[in-house]
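Next comes just one chain, in structure tokens: the form predicted alone.
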């Protein structure tokens, strides 16, 4: 993700604050889009654009916290930096627990805001890369046959070829063929790598132990 493709969204109902923040952010090479309300921001096409959100907590209509909640409900993982003139500890705890990168109190120091933006963009970069990797893993997994998925599940459970053969009622030779297909289609260089892939596929699956989540994801 290059800085040229990155957009820092600023949502604040005060025009002077928007202009000051926009000038600061542009001065370090980032593109900026400013909005006077949460509703105005929601009307834009922000879903597929790398970036972060600098968000005032107190806004007319939908508040900053309401917008944070709305984005979560929409499945949008856009890093948020909250700014407020009325910050307190309970408020900070609330927004940070909900996934905010930072809560800064007005007047915001330039260095603090720029540091938070760089942190937020780094988080966004990692998050987008992980989502792309997971999509690719899911595509590989979907290419497996039902029997290959069963074999993969048992491999990840630590079963030997003869144990897999006994459980599935097939020969060891057939297990070896399915095992080779699984490793090739999943592009796994080792069993440990395959287990890691299964864990990633299950990372947002059912709760419980890691093994239980893997079973849910690869069956």
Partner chain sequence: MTTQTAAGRATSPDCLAGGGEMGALMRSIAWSQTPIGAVEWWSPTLRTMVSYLLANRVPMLLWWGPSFCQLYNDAFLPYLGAKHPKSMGQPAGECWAENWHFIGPPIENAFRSGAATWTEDMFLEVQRPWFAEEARWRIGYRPVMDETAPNRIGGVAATVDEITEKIISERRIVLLRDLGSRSTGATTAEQAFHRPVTNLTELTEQLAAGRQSLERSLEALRESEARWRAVFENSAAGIAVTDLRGQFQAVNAAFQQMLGYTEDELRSLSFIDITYEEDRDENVSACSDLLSRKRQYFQVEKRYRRKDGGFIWVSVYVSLISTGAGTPRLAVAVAQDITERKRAEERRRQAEEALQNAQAELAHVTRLTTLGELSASIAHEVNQPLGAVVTDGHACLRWLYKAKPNLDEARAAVKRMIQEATHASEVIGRIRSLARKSPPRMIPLDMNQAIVDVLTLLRHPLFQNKVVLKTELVADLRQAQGDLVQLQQVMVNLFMNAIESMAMRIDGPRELIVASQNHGKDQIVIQVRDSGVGLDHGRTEQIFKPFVTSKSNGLGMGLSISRSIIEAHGGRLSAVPNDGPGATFLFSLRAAEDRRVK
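What you see is a predicted model; the values in this text were computed from it and never measured. Numbering follows the first chain given and starts at 1.
Although not depicted, the form predicted together with the partner chain is the subject of the following passage.
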> Can you check whether residue 59 is within 4.5 Å of the partner chain in the predicted complex, heavy atom basis?
Replying inline: yes
>> With a cut-off of 4.5 Å between heavy atoms, is residue 160 one of the residues that contacts the partner chain in the predicted complex?
In response: no
> Counting only non-hydrogen atoms and a 4.5 angstroms cut-off, does residue 199 reach the partner chain in the predicted complex?
Replying inline: no
>> Is residue 142 near the partner chain? Define near as a heavy atom within 4.5 Å, in the predicted complex.
In response: no
> Taking the partner as it appears in the predicted complex, which of 110-118, 123-131, 93-101, 69-77 has residues with heavy atoms within 4.5 Å of the partner chain?
Replying inline: 110-118
> Of 187, 176, 47, 26, which residue is found within 4.5 angstroms of the partner chain in the predicted complex when only non-hydrogen atoms are counted?
Replying inline: 26
>> Checking a candidate spot here: are 148, 153 and 191 all in contact with the partner chain in the predicted complex (at least one heavy atom each within 4.5 Å)?
In response: no
> In sequence order, which positions of 14-42 have a non-hydrogen atom within 4.5 Å of the partner chain in the predicted complex?
Replying inline: 14, 16, 17, 19, 20, 21, 23, 24, 26, 27, 28
